[in-house]
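One chain comes next, on its own, written out as structure tokens in the form predicted on its own.
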């Protein structure tokens, strides 16, 4: 069972501004090199390597090698939820506008491996309205009719045991979007269909013309729902 000392240790690791910047840079689910993370944190490559070693030893980061290169990514969805939750808490109470100032991030972004922002919330709402999913504060479930609907757009439950459907409180909208394996599969499918594409250098997503049509035809999500 985790001890208070272990909790304090994790908090101290994340509390360093450079390490916090590195973790936030990995929230889009990509694996980045030490050099890229050094740039994101504004530190030297040598300093970045020391920070990355500590984060990896603590189980917050995982690493993968490809040829001569070594890449780092968040170790698990649980780590992503932790960082996203801390970002939510870091918003000053006096601010009326919640979440990121960037309008593109507010409209559509990735939250580790699933969709967030107005797009993510709108898709969760659309699936709930059509009775495909049931969401509560404690969890979520896909209905029988929802299983058929999702299969029709190429999304089926995974063979592995990861939680299939669960809500994730959106940082900017302060309402739930979809996480779990379903949220990841929905995000992947939107990329496969060419409905969304990444903006360079961040988590923000562009919705393509095909995406606007698909969101309206399949989910009933109209463009005005995502503006503001």
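This one's a predicted model, so the numbers in the text were calculated from it and none came from an experiment. Positions refer to the first chain, counted from 1.
There is another form of the same protein, the form predicted in complex with the DNA; it is not shown, and what comes next is about it.
*Asks:* Heavy atoms within 4.5 Å of the DNA in the model of the complex: which of the stretches 60 to 68, 175 to 183, 23 to 31, 189 to 197 has them?
*Replies:* Selected range: 60 to 68.
*Asks:* Although the partner isn't part of this model, could you tell me whether residue 40 comes within 4.5 Å of the DNA in the model of the complex, counting any heavy atom of the residue?
*Replies:* Judged by the heavy-atom cut-off of 4.5 Å, residue 40 is well away from the DNA in the model of the complex.
*Asks:* Considering non-hydrogen atoms and a 4.5 Å limit, does the DNA approach residue 16 in the model of the complex?
*Replies:* Taking the distances in the model of the complex, the answer for residue 16 is yes, it comes within 4.5 Å of the DNA.
*Asks:* With a cut-off of 4.5 Å between heavy atoms, is residue 203 one of the residues that contacts the DNA in the model of the complex?
*Replies:* No, residue 203 is distant from the partner.
*Asks:* Of 41 to 57, which residues get within 4.5 Å of the DNA in the model of the complex if you count heavy atoms?
*Replies:* Heavy-atom contacts within 4.5 Å come from 43, 44, 46, 47, 49, 51, 54.
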